[in-house]
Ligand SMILES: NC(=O)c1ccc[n+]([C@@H]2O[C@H](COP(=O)([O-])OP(=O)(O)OC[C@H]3O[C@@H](n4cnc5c(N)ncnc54)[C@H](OP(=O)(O)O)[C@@H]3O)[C@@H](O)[C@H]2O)c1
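Presented as structure tokens, the chain that follows is alone, the form predicted on its own.
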């Protein structure tokens, strides 16, 4: 399997690369931090891993990566659109700059890969695009308003794309995660020596779930199990109730 992954310098993306390379797959990863990419490349020491420094907010850099992939005849079977930011905005202030960066990274930074590659696969080849969304796609997040909006927009876009292209052999999948112990937001990061709460999953478990989802015929996935329960059974509850319940998640 040939895989393309955004946001591979840390967290879920980095764990994905390690697990896929260990399983013998080819991976092309991108991230903004060149030092972290070089470190990962040295750690893997594998000809099956290729990488490019790229900020998904920068359309010129994105198009350059696409051209590099086309020149190398690297057309993935699976795109995992994982790059994201989650920037907290302390009350009572809001920042247009934070909102712009969040939406451009989490939403536009995923959809642009679909836009740039979709025509190649129409009528020729099967492939899949996997969007990494969040529990906050279903409920608001007062600590990071734009993050919730970006994940909701991404999930809805992929649900629409699944309907639009399901007859073309191109699959669109959405994975909804609860809190993951990564550096994307300090609310969910385990502190040194502190036991990780049971409701917070590890990047390794999250990446294993994504890989499992890639081989599934489904198009919507939830991890851990309680995310599905919350969404399916308690989606009718008021937003204020959800904010109270999830207060314990915020570290």
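Residue numbers count along the first chain shown, from 1. Fair warning: this is a prediction, and the values are worked out from it, not measured in the lab.
Below, we refer to the form predicted in complex with this ligand, which is not included among the displayed structures.
A.B. asks: How about residue 57: is it within 4.5 Å of this ligand in the predicted complex, going by heavy atoms?
C.D. replies: Answer yes; at least one heavy atom of residue 57 falls within 4.5 Å of this ligand in the predicted complex.
A.B. asks: Determine whether any heavy atom of residue 33 comes within 4.5 Å of a heavy atom of this ligand in the predicted complex, and answer yes or no.
C.D. replies: Yes.
A.B. asks: With the cut-off set at 4.5 Å between non-hydrogen atoms, does residue 130 touch this ligand in the predicted complex?
C.D. replies: Residue 130: no contact with this ligand in the predicted complex.
A.B. asks: Given that this ligand is not shown alongside this chain, does residue 19 nevertheless sit within 4.5 Å of it in the predicted complex, heavy atom to heavy atom?
C.D. replies: Residue 19: no, not in contact with this ligand in the predicted complex.
A.B. asks: Pick from 177, 139, 158, 79: which has a non-hydrogen atom within 4.5 Å of this ligand in the predicted complex?
C.D. replies: None of the others qualify; the residue that does is 177.
A.B. asks: Just to confirm the contact call: exactly one of 24 to 32, 214 to 222, 64 to 72, 40 to 48 touches this ligand in the predicted complex at a 4.5 Å heavy atom cutoff, so which is it?
C.D. replies: It is 24 to 32 that comes within 4.5 Å of the partner.
A.B. asks: Taking only heavy atoms into account, state which residues of 152 to 175 are within 4.5 Å of this ligand in the predicted complex, ordered by sequence.
C.D. replies: Stretch hits: zero.
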